[in-house]
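The chain below stands alone, shown as structure tokens; this is the form predicted on its own.
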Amino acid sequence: MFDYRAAADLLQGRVILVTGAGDGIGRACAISCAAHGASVVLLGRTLSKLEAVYDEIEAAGYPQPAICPLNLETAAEKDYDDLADQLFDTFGKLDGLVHNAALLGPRTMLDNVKNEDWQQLMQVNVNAPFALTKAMMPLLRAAPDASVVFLSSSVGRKGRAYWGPYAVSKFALEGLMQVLADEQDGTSEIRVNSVNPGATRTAMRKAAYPAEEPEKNPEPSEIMPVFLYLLGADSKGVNGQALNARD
């Protein structure tokens, strides 16, 4: 695992938005950030899942989170701008943005992929992170040292047969990360990096590898050190890096 031990108050006073916060890695990230002092903005499409995470954070006595239901497949520019206005009125800044939400899409040869499936996946996995990041830039600039984290994949760093639009979307996110990081280098205090979580015990992993024994993979909570590192002040100056949650 990524070798980092976070201080208990690492994220004290920070505001961190996590997409796909209702379950899996997003849920674990939201809870972990809250446990280290952050006010977490829970973004996802299923209100009941967000409410369950909200209740878990509240019950633990962590800083009160905020719920922002949003369907990334159908969200328009105005939805992102309205969210930015809402967060500005509530918090005045954004210290961290974790792009976790994604679709797996069809696992087949590219020439078997339906155009509508390709478009749907790119909308959620690529267009939405671009639009959300763009809308959040003024809030990120308002923070002393903000961090943007894109969730990548091993198939987004080396192409693999039958991973189709998912792999291509993760390659796109790596490119988006690199361009954005290079643009912020020397022009703002925003750092931008990507994380490959590796095999993790999530519903998406189970769908991708139905024959795999899930108990052999770590729980999402076990891969949080790399996220805490990137979202806290200890990673100041780390920019444009493609990191791995597991060795």
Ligand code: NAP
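Heads up: residue numbers just count along the shown sequence, starting at 1. Here the structure is a predicted model, which is why all the values come from computation and not from measurement.
The same protein has a further form, the form predicted in complex with the ligand, not shown here; the description that follows concerns it.
Residues with any non-hydrogen atom within 4.5 angstroms of the ligand in the predicted complex fall in just one of 165 to 173, 107 to 115, 86 to 94, 129 to 137: 165 to 173. Not displayed here, the ligand is kept clear of residue 143 by more than 4.5 Å at the level of heavy atoms in the predicted complex. Using a 4.5 angstroms limit between non-hydrogen atoms, residue 119 is distant from the ligand in the predicted complex. Although the partner is absent here, residue 198 lies within 4.5 Å of the ligand in the predicted complex, judged by heavy atoms. In the predicted complex, at least one heavy atom of residue 45 sits within 4.5 Å of a heavy atom of the ligand. Taken together, the three residues 147, 183 and 235 lack any non-hydrogen atom within 4.5 angstroms of the ligand in the predicted complex. Within 4.5 angstroms of the ligand in the predicted complex, the stretch 37 to 74 places a non-hydrogen atom from each of 44, 45, 46, 49, 70, 71, 72, 73, taken in sequence order.
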